[in-house]
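We begin with a single chain expressed as structure tokens, specifically the form predicted alone.
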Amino acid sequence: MESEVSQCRVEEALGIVVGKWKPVIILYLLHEGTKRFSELKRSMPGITQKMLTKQLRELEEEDIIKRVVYPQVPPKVEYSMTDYGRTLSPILEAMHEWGTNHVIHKQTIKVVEKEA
């Protein structure tokens, strides 16, 4: 069992998708399809241009998203999910379901504590 734990790749997987903006970017591209940088920026009002650029580059380096630059003026850049990146969909859906259940669980605990 100890060797199985030492070979666990959960930390590596989390390193790719964890962060304030990466899951939002991934889910947006999964559900909305190909988007330009400005469209992504508008969909996440709290993110800075610098942070969005950083997060997109990291996801591109991991082959989660694809960046296509069109040679025109002004430059046109589009982002979309790779086939490999789409394999995250069931994982993120499961995390969303767990997160929803966790919020309900926490609310239930607070109600029980108040009654006690």
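No experiment lies behind these values; they were computed from the predicted model shown. Sequential numbering from 1, following the sequence displayed.
Here the subject shifts to the form predicted in complex with the DNA, a form of this protein not shown in this document.
Not displayed here, the DNA is approached by K20 to within 4.5 Å at the level of heavy atoms in the predicted complex. For I91, no non-hydrogen atom is located within 4.5 Å of the DNA in the predicted complex, even though that partner is not displayed. When the DNA is considered in the predicted complex, M51 lines it closely, a heavy atom lying within 4.5 Å.
Within this chain, F37 lines the site of the DNA in the predicted complex, having a heavy atom no more than 4.5 Å away. Residues of 67 to 102 placing a heavy atom within 4.5 Å of the DNA in the predicted complex, in sequence order: R67, P74, P75, K76, V77, Y79.
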